[in-house]
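Here you get one chain, nothing else, as structure tokens; it is the form predicted alone.
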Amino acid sequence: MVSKQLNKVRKFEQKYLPHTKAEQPAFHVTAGVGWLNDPNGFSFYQGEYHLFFQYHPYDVKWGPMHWGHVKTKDFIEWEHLPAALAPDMNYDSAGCFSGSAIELPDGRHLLMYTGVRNIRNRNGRIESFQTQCIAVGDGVDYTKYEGNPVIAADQIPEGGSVHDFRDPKIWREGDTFYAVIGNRTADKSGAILLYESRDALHWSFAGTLASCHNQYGKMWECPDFFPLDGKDVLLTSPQEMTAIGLEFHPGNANVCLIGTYDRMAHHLNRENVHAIDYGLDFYAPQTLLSGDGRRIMIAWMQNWETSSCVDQKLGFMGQMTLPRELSVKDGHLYQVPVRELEKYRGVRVVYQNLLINGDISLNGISGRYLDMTVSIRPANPGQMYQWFRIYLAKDGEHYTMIRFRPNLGTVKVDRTQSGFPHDIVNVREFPVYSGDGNLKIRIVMDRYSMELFINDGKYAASFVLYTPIEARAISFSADGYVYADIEKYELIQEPASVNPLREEGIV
């Protein structure tokens, strides 16, 4: 039975969603109308990929959380489905917070989420109580379990907080279900708790998978845990991070912990810790295992520090990253756009062994819907160049700049001149550790965003762009002499049944 609250959302979507498609990104998920944040329930269900998301349909600001819903067959072209969850029960009256999904052995689709209710204490303050709940359905309609919550306050280990206990990520191994959940512990920092169940209804605490100990931020949100290429990987999004060199920026950050899982102790033994994404706009990543065995990740392409910066001309706020294929090489997480994006490539423009010294613009190299790879190297290995720059989304007034300095081994992205009239963070610099002056950078742009994949995906960086869509020019600049290979594809909004590529220019 569809509740009054959920029925209201669905009628709202029927009225407004058809009118917003023209202003949306071509390849990135948005709510279409209203507010979107964390990806939820990213899962493979009956031959299709489903994605849910934190959703406030009635405003472009955060509000009572619902679950919006889209699905796809190729990770690029998405179909909107009716909203799946609304805050309509006592245990989730203040919001259906983040969670995950899994296909059950009997063919049903199970959603596991954090239900939030607010209670005013004796001092008059509102306190949030968070528990874990489930709903089961058929890919469109979902019924909340009558026994919710399935993990309540009495199942949190001693010292843990019921006010910060959220974002379950569920998976199944053999006959056992597991879930990792973020929690704030007695030392006022984060931990990832592990629970297990035989039926996904009755859960018991198994152990603490990882603890923060105030080393990487405070509360750890949105955990995801999976094996990959012989290692075990934990992704999480810390709050209240303090900067650690150029590796971790302050505020709401993201962390990848790679190591070996001790199954007896239910504990991840760390071997490497690094940022997942070095950009300004990346939070709450979630993964799935695709039908062909790939580990695919998607994330909210925004950040809480910039989330109040809304373009009032648009009817929606927030978008997801492109889904990315993950791998682990030499103890480091690599990520590249899903290979399905290549089906949406149109006109190809190539330049090879192009000598750059000073400023240059190139025929055929422009646009806001593109997939471009630029590989550079010193023209004179005995005399290193000082810097190399790429200017994107450029017109007479606006641009976004990417700069590589080989002597420092850093990439800097600056969107200060994007034209957005608010005092937000616009500059990010991060290490890429290239001492020989060689750099390979893949840039994917889609209307309001830019995603970078550096050195075959060892480093990624995501940025929302506020530049007017008419700003399309691209140029390159070098202080010193650089050889560059440039391969640029126009991205088209329909997959090509027959490869339409034609080479516009080869130098």
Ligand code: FRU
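This structure is a prediction, so every number in the text was calculated from the model and none was measured. One rule holds for the numbers: they count along the sequence shown, beginning at 1.
Absent from the display: the form predicted together with the ligand. The rest refers to it.
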Subject >> Option from 54 to 62, 41 to 49, 440 to 448, 461 to 469 whose residues, in the model of the complex, bring a heavy atom within 4.5 Å of the ligand >> reply: 54 to 62
**OP:** Would you mind picking the one in Arg184, Arg295, Arg166, Lys144 that has a heavy atom within 4.5 Å of the ligand in the model of the complex?
**Re:** Arg166
Subject >> Single option in Phe205, Trp387, Trp304, Tyr261 placed near the ligand in the model of the complex, where near means a heavy atom within 4.5 Å >> reply: Trp304
Original post:
If you check in the model of the complex, is Ser98 within 4.5 Å of the ligand, heavy atoms only?
Top reply: yes
Original post:
How about Ala179: is it within 4.5 Å of the ligand in the model of the complex, going by heavy atoms?
Top reply: no
Original post:
Do Glu221 and the ligand come within 4.5 Å of each other in the model of the complex, heavy atoms counted?
Top reply: yes
Subject >> Exercise: Tyr283 in contact with the ligand in the model of the complex, heavy atom 4.5 Å >> reply: yes
